[in-house]
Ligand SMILES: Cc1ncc(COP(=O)(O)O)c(C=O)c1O
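Next up is one chain by itself, shown in structure tokens, the form predicted alone.
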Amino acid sequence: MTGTMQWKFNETLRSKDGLASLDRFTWDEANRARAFHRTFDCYKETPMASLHRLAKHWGLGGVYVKDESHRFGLNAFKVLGGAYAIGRYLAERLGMNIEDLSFERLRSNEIREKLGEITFVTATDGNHGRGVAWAASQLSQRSVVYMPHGSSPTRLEAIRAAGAEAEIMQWNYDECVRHAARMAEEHGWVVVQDTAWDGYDAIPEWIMQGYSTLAIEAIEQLRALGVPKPTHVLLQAGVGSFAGAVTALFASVYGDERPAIIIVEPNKADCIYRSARAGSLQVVTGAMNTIMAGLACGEPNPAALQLLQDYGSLYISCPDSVAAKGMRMLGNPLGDDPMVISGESGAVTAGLLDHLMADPQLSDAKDRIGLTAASHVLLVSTEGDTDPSRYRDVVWDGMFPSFAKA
């Protein structure tokens, strides 16, 4: 077994001056994104699974899993960001407000004739590219998707089936992002990426706001279950945009009473954890060949990183076995708990929570973050079995056996 569990507590939590602004991640902004998503024929809230048996096993007050495998029939949450960003971009091209443009109207011949042909380009490990491809295809527009070396052929074919021209490159994820940006500049294409750089920040922000739909649904679903707010939220991070968006909304909604936010990444792509330790943006290079393909990103989104450094509570870097155990636990529930089919990137938070509650190496982290019998913990399963053969390798055949406890 390779890999280690490393963690960094935010020592300055709640005591900093000049915190990152939450103005773009208010309840109203989240509702704005959700209102657009609600215009999609296939929109419905993804389910919230209450795992009361597992919570009792861990000695917690409650464990809740937001299951994004049901999102728009695409088996992952990423489409929320890409579709909303494309909608906002097209609204600006038309000189209109997004509130006045339903998805159906954007698909109309009238709007299509005004816009002409647009090519959207992105880099992806799978789910984001499929979401961009789907949204572009629905709007009768073109999309081009670049995937990093080592990407799953199954995910490549799913992106092509969604309507994109897609190929696997000989580079890592971050190099694919730079290639997408170069191609956009050369050909007049539009980059739809959830990380920002100098001169490119509007679309990444819109993508993050699109992810807020998931968070606002979760808050309302927990309230319906009699949970006014979760005490802890575990979030997985790649470039950090998803985690940053959810963190920002919870910080905006709950203020100083916000939940403790725990960020988890794979050892081989732990740019947020390293940045938290260093107190400045850090980059991970190389192949980043983790099982958690959706999190295999080495360069943080600077805007998301600032939010996570200011409002996050605990940052953890973990081996692939943690994600594998989470997949097995969610797919083989205790008693009458509902089953959640969760992929590698989706299940890592469940695996981490198990270690926080049972691994002596993390007992100090558990105590400092305040996980007790009174805790109500929210997890987000960001994807289902988007690579079915790998899912079976892990859940059926025991690939990546559980990380040995001390």
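Remember, it's a predicted structure, so these values are computed and weren't measured experimentally. Residues carry their position along the shown sequence, with the first being 1.
We do not show the form predicted in complex with the named molecule, though everything after this point is about it.
Contact check for T349: no non-hydrogen atom falls within 4.5 Å of the named molecule in the model of the complex. The shortest heavy atom separation between D270 and the named molecule in the model of the complex exceeds 4.5 Å. Although the partner is absent here, G294 is a contact residue: one of its heavy atoms lies within 4.5 angstroms of the named molecule in the model of the complex. G210 falls outside the set of residues with a heavy atom inside 4.5 Å of the named molecule in the model of the complex. Look at 282-290, 316-324, 122-130, 226-234: in the model of the complex, residues with non-hydrogen atoms within 4.5 angstroms of the named molecule sit in 122-130. Taking a 4.5 Å heavy atom cutoff to the named molecule in the model of the complex, the contact residue among T247, S143, S241, Q193 is S241. Contact residues in stretch 58-85 (any heavy atom within 4.5 Å of the named molecule, taken in the model of the complex) are F77, K78.
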